[in-house]
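The chain below stands alone and is given in structure tokens; this is the form predicted on its own.
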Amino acid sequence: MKFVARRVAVSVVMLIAISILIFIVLRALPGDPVIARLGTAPGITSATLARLRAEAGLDQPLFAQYWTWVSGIFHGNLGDSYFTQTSVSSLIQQSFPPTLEVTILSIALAVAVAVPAAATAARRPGGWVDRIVTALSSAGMAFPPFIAGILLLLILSVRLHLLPARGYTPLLENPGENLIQMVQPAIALAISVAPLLLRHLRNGLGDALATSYARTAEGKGASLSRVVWVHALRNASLPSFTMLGLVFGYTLGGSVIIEYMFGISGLGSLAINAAFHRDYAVLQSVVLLVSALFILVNLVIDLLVWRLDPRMRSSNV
């Protein structure tokens, strides 16, 4: 209970600090949401601007604006969009499922590639397979997701006409079309995510195969494949499991540009449009939601690792 209480307390403090930072940074950006909403329409007087700012609550002190936003979160009220006058909660509710789907698909694809590649490379340390996997993982970590997305669009959509370039169909509405549209975004994100998992898991497998229990199992007649997949992978996966929390946050951040590029109406597209229109109410809520998901996933993973690893339970962590 002390371990859980400490982790939860740290997560709450981090979330409060992030909410303050988001609020201050957005207010420090140049531009005015009311002017961005009205544009250059003629006949706009200073009295009209003052009235619209008062209606949006932008005439209040910064502390009052922050408290109104934070207190509304506990009641499910994130305010209204300055630009469309739509409830921020409804906008996020509509945009969250596509983002969650592309994140889960890309992480699942990255795991499906990283685990067998790391296990194959670890069987012969320093061999040609290991060198190729290491080189590809290094190149993948330096490969931005949006570059991968552009190349996929040029090859699979423009040149070969195999997959649609843009668009999103809800999963429950048409599962087949939805999965076809999600292939390129998931691959673009997985290209950058898989190398992180692969490198981390490969190092963990190398350390696990050098332990006494792995050598004992091989000495008793177990095949190298069994030693890698049954004995070493089980112990090497715990540190890599912790890496999934960081990968989740990295994927959520990378999905912002990817969603906009492939025409997916997710949190990324919502955040970019809100940034263009200086829509503080939407942008600060989206960033806070992504940050809260990142913190929550890492908290859950920490608790699972503590539960699965006897060494952590026996130590006073």
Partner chain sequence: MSELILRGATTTTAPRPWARWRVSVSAVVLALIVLLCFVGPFLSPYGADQLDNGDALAQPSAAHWLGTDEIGRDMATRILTGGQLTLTIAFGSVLIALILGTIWGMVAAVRGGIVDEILMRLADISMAIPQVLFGLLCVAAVGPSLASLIIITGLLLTPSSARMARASVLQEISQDYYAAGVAYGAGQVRLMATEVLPNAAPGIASQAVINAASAIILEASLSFVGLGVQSPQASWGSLLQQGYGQIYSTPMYAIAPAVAILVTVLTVNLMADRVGQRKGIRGDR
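What you see is a predicted model, and the numbers here were worked out from it, not measured in a lab. Residue numbers count along the first chain shown, from 1.
A second form of this protein, the form predicted together with its partner chain, is not displayed here; the remarks below concern that form.
Only one of 174-182, 71-79, 104-112, 161-169 places residue heavy atoms within 4.5 angstroms of its partner chain in the predicted complex, namely 161-169. Annotation: in the predicted complex, residues F143, F146 and T211 each come within 4.5 Å of its partner chain through at least one heavy atom. This chain is drawn without its partner chain; in the predicted complex, the residue among Q94, S157, T84, T120 with a heavy atom within 4.5 Å of it is S157. For the chain shown alone, V256 is a contact residue for its partner chain in the predicted complex, at least one non-hydrogen atom being within 4.5 angstroms. Though the partner is left out of this view, V228 does not reach within 4.5 Å of its partner chain in the predicted complex, counting heavy atoms only. Among heavy atoms of S90, none comes within 4.5 Å of its partner chain in the predicted complex. Of the heavy atoms in G249, some are within 4.5 Å of its partner chain in the predicted complex. For the partner-free chain shown, L196, R199, H200, N203, G206, D207, L209, A210, T211, R215 of 180-217 come within 4.5 angstroms of its partner chain in the predicted complex, judged by any non-hydrogen atom.
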